[in-house]
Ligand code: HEC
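Read the single chain below, which is given as structure tokens and is the form predicted on its own.
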């Protein structure tokens, strides 16, 4: 049988031990994200504005980006690599906003000009994130 003092010491010792482990894991995760996965040097105003356009039009309600979002429309985390560059992405977005007859019609958000260019810039920037081979196939 343990005394109250021994039980208290085990409790506090265990709490401190697991808190130190938790802080170490958080620090490791943060250093991995900052140093290896996201290329912070290539973040530009255009990329930030493109992300804002992405959020304002709720693209994530239909598309996934790096595995997050809805699965109604294609994955866009690697769309720049799949289509072959920013101009192709812009052309795809413009074409999908037209009235075409198919089962999955993208709404016309009327994204044009600088907004369209920055949205494509954001999507191409996401292609540079090291995702540990996610999505697992080229088609997304």
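This is a predicted model, so every value here is computed, not measured. Residue numbers count along the first chain shown, from 1.
Another form exists, predicted in complex with ligand HEC; not displayed. Remarks below refer to it.
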Checking 96, 81, 49, 112 against ligand HEC in the model of the complex, the residue with a non-hydrogen atom inside 4.5 angstroms turns out to be 96
| message | Each of 54, 58 and 106 within 4.5 Å of ligand HEC in the model of the complex, by any heavy atom, yes or no? | response | yes
Note to self: Even though the partner isn't displayed, in the model of the complex is residue 65 close enough to ligand HEC, meaning a heavy atom within 4.5 Å?
What the structure shows: no
Under a 4.5 Å heavy atom criterion, is residue 73 part of the interface with ligand HEC in the model of the complex? yes
